[in-house]
Every structure is written in structure tokens, then in C-alpha cells.
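As C-alpha cells, one chain now follows by itself in the form predicted alone.
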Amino acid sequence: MHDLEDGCLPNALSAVITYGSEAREMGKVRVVLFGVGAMGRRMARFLIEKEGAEIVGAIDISKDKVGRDLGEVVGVNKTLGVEISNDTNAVLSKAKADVMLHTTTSFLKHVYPQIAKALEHGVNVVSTCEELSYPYIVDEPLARKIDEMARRHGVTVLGTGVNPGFAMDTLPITLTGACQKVKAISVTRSLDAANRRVPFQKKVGAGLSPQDLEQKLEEREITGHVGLEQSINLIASALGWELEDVKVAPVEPVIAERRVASKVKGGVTIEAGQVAGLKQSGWAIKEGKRVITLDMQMYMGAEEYELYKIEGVPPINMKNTPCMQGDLSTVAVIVNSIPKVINAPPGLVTMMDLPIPSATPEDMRKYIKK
């Protein structure tokens, strides 16, 4: 909680308060995990080793996780003394947390009740919800409601990750800082799904027939990439561009021309003629011209790279290969955002409202403002 009017300091901000000759050192940053799925478990393992941070609660609805110690579920060789619970209020009431790391779903209307609980308990939120990265284009009244609630309780809410949140928005925005003029921006992110975890391979339809993929797309069982529209609007907002139109093309299947085997244990092996994955693009129009183009490719056997092209003065062309590893980078962006969110003014924020992203390799408390 950021509101200090009543003389109360949040746990993570109780830094070296002097009473006469006595001083009290800052306590560790207290973290609650909401969601102990694949991403939540990765965050837990990282936080367990993170100096200056402490996991004080874990929430999940899965019956095979509730009641078990978090250390057992995430696969570390020790008991953490944190029991996974499906009672959000009970966990948040007991934990007295500084921040909740939220990793459940991509869609704003589904995460709102979960995030609202944290706000009611005066807890900051950093979420992987893609639509939350720029929620005003999804449901402006609901986004305003989250913002108002966060301000009322003196806390901050951020939706972020590697994409959206960094690779296709924050990073290209930062690159424009070296330009006197910017006419157009394009970003291509190409992922080899063979290198990714099994749930990701299934998420992009790897191994399905084209007919089966079409059905799963119609039933919304497979959605493609969520976040292109958010990234486009985040870029435009940062540059002060008023867009005439934003388009996101339908998901397109990539059909394998050869056999491709997964590079991870238990992964999918695809044959020629099967779905290798997906591709999708989005773009924005300003003054009749395409000024932002984002191209996302996610399929088995794809070349791994991120390509940034800024048509400007001077022009910038940069390629990163292999591309940022999604799971590792998402965990990094989320955890590295904790101090910036704690330091930020209350409300619903985007990555553009915070200081430049940076790693937190030292004790987490070192990055909290005194």
C-alpha cells in the first residue's frame, strides 16, 4: 500500500526507520502467488532463490494442489511452510503481502474478481493477463473501475510479461528514444515451438490436422496470440499517435512441410501435412498509412528471432537471435517489475507509466525507495 497519510508504512517500505538511536531494517518483500500453474511454479522457484523476497501465500483452485505445501508442488527439495489454498480472502488476510503475482488467464473480465480481492486487501498486483497490459481498449469502464479501486486502496496494478509487456512494445518504444523522427515501426517475433513447453505446443495447435485446428479456433479452445492489439496501442500511446484504425488479422495455420520433433521431453512430434503452429499479424493506420506492424509466428521448426525495424531519423534495424525465451523472460519481467510497482503512485498502470525496465540482480529491497 502506498498511502502513508495515516503514518502506516507497507511492509516492503519500512526501510530503516530511526527511533532515537535505534533503527529497524526493512523486511523482505512479501509476495503472494495467485496461480500455481506452469508459470506460477516458475515464478515460485525463482523467488525462492531471490534475496530480499519472501513467498508468504499461494492461491490456486486445482484440487490436486490445494492443501499441499508450495515447495512440494513447485518441485524444490524443501518444505516452504506455505500451504496452497483456494480461499483468496483467507490467504490475503493472513499474508499481509506487499504484492500479488497473478498468473491465471489472458482475459480481463475473468481476472477482475481475482485482482479486486487483492486491491481490497491493500495489495499491489503484477499480472500476466495479456488484456490487462492495455485494458482500456478491451473494457474501458472495467479498466476505470480497477484504476479507481487501486487508487482508493493506495496500491498499483500492472499487466505485463515478455509479450505483451516487453518484446513487441516496451523494447521497440525504448529504441525510438534514439530517433529524432519516427514514421513507422515493425516488429517480427518468430518462436520455434519445438523448444517450448508442451502446453505451449498444444496452445499453437501443433500436431493437429488443419480441420481439427479450424474447429478448435471456432470453439475458442485455441485463440492464437492474445496481446497484439494491446502492444499496438501501447506503442501508439507512448509516441502520442492518434490512430485511425487498428486491425488484428485472423489466426493462420502453418502447415508442416516435413517431420519436426519436439526438443522438450514429452513434446509433440509433427508430420508433413499436420499443423506446425500459428501465425498472426496486427497493424495500425495513421493518416492513411500503416505506421505500426506486428507479426507473430509460433510454430514447430520456425527460425528463432526478433526483428525490429524503425523507419525514422535515424533508421534502426536490429535483430535478436535466438529470441527471448518466453517463460524465462516472462518470469524476469514480472519479478523485476515488483519494486517499480511498489514505488509507483497508486492506480492501474502500463509499462509506459513506470521507469525503464531493468533487472534486479541484487537484494530486492535495494530497489525499493526509502
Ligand SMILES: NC(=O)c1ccc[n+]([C@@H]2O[C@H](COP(=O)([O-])OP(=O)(O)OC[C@H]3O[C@@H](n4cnc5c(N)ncnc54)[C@H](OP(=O)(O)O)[C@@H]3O)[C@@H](O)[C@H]2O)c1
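In case it trips you up, residue 1 is the first one in the sequence shown, and so on. Treat the numbers as computed from the prediction; the structure is a model and nothing was measured.
Below, we refer to the form predicted together with the named molecule, which is not included among the displayed structures.
Undergrad: When the named molecule is placed as it is in the predicted complex, which of 251 to 259, 204 to 212, 136 to 144, 97 to 105 ends up with heavy atoms within 4.5 Å of it?
TA: Partner-contacting stretch among the options: 97 to 105.
Undergrad: So the named molecule isn't shown here. In the predicted complex, which residue out of K65, R30, K340, K50 has a non-hydrogen atom within 4.5 Å of it?
TA: Looking at the other structure, the residue within range turns out to be K65.
Undergrad: So the named molecule isn't shown here. In the predicted complex, which residue out of P315, G37, P322, G301 has a non-hydrogen atom within 4.5 Å of it?
TA: Partner contact (heavy atom, 4.5 Å) among the options: G37.
Undergrad: So, a 4.5 angstroms cut-off on heavy atom distances: do all three of Q114, G161 and R197 pass it with respect to the named molecule in the predicted complex?
TA: All three within 4.5 Å in the predicted complex.
Undergrad: Though only this chain appears here, would N336 touch the named molecule in the predicted complex if you measure heavy atom gaps against 4.5 Å?
TA: The answer is no: N336 has no heavy atom within 4.5 Å of the named molecule.
Undergrad: Quick one: does L307 come within 4.5 Å of the named molecule in the predicted complex, counting heavy atoms only?
TA: L307 lies outside the contact set for the named molecule.
Undergrad: Using a 4.5 Å heavy atom cut-off, state whether T128 contacts the named molecule in the predicted complex.
TA: Contact check for T128: yes, within 4.5 Å of the named molecule in the predicted complex.
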